[in-house]
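Consider the single chain below, provided in structure tokens and representing the form predicted on its own.
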Amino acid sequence: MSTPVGTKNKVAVAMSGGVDSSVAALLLKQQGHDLIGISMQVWDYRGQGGSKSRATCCAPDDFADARKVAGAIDVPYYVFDFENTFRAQVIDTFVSTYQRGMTPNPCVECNNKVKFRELRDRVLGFGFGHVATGHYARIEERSDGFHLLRGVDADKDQSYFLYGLKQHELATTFFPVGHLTKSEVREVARQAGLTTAEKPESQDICFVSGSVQDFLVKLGTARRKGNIITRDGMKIGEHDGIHNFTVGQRRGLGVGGSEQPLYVLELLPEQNLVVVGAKEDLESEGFSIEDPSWLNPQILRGIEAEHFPIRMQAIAQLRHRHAGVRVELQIDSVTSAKARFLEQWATVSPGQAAVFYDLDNVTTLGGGKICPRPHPSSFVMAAGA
């Protein structure tokens, strides 16, 4: 969000030890805000299977870098213990989602439930009413309320992970680097002599070292063998656990002999089955979402007035890095919504976030988790065969 010249706010900056949050803190300091820097201890990385060699986010090894930056720009610095919240809101959800035959997006849970909700609640006790991060996104105040926009750098945009923010949170949040490109952020850090200027990018799932499958097993998910079947119920292979697979996956299925590439069509946890087929078998008319969260003021007014269904065309982004496809969005209630593909279909993976944007593909409307699609009776019959 933009701040009027001369306005001074008490801002808690989430400092992960990376270049983006370092520059976010620097820019706010230069604008004259009263800052504290906060690093979040969210996971015992070394002791519980976290990354030991790759760049991470909010790992203890990064705290030293964050502390150096805070010292260099003269900002008080603290480390908060969020491990219990992170375990409950992110790790447990990550594991249970895989066990249900879906593919989670832990970055969405972490951003919305830890980095903003929990952090904001903690710093209020310090008298700090605003929070800031190094996310590549923008907040714009208009006559009807606050809007979340994509970051200027299309390759780094992180608005996809932030659809769960509320209006009151947008009003008290800063994304200082959202109007910059990554190269510009690094140049700002170089010019300021920040120790994080050349620091590598963090990985997507910061708490996993090695394979996701090994991580899940370490946390108690058993390697439960089962069958890989075709849509008509023919067994063509075996698997070591449905958590090894994602709807739409083509590589690493462990089956061969097919004249055409095979894709994962469905995961059936109750029957411990992986259903595969041709790419065209993935095609669907649309999808439903659960746990929706809307931040667009127009949609919020319609929901408040119970003007259901609320219909509009939108661009749906169905995974990180997805370019988005045009859909007709229909919000049926506070808890349910669905989308219908209009020009082309895209693979939908249950458990992943579907985030909706205006037709310019810039302003975030909201989003939710993709529901498993109702499977044909042939799948059920195959499961019982």
Partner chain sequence: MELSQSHKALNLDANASFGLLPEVLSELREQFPLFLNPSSIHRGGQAARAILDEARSELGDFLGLSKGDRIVFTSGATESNNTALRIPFRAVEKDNAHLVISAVEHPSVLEAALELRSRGIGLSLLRPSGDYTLLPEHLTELVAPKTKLVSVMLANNETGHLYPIAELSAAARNKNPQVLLHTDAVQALGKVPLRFPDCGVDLMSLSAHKIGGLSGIGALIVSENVPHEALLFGGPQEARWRAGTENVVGVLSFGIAVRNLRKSFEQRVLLMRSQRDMFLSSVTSVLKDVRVNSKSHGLPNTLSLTIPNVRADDLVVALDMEGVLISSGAACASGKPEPSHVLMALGLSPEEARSSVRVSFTGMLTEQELQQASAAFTLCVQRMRGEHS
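Positions refer to the first chain, counted from 1. Just so you know, these numbers come straight off a predicted model, no measurement behind them.
As for the form predicted in complex with the partner chain, it is not shown, yet the points below apply to it.
The closest non-hydrogen atom of Y263 lies beyond 4.5 Å of the partner chain in the predicted complex. Put simply, A346 is far from the partner chain in the predicted complex: not one heavy atom of it is within 4.5 Å. In the predicted complex, at least one heavy atom of F128 sits within 4.5 Å of a heavy atom of the partner chain.
For the chain shown alone, R120 is not a contact residue for the partner chain in the predicted complex, no non-hydrogen atom being within 4.5 angstroms.
Comparing 70-78, 174-182, 152-160, 194-202 against the partner chain in the predicted complex, the single stretch with non-hydrogen atoms within 4.5 angstroms of it is 70-78.
Checking E169, E83, D281, E140 against the partner chain in the predicted complex, a heavy atom within 4.5 Å turns up for just one residue: E83.
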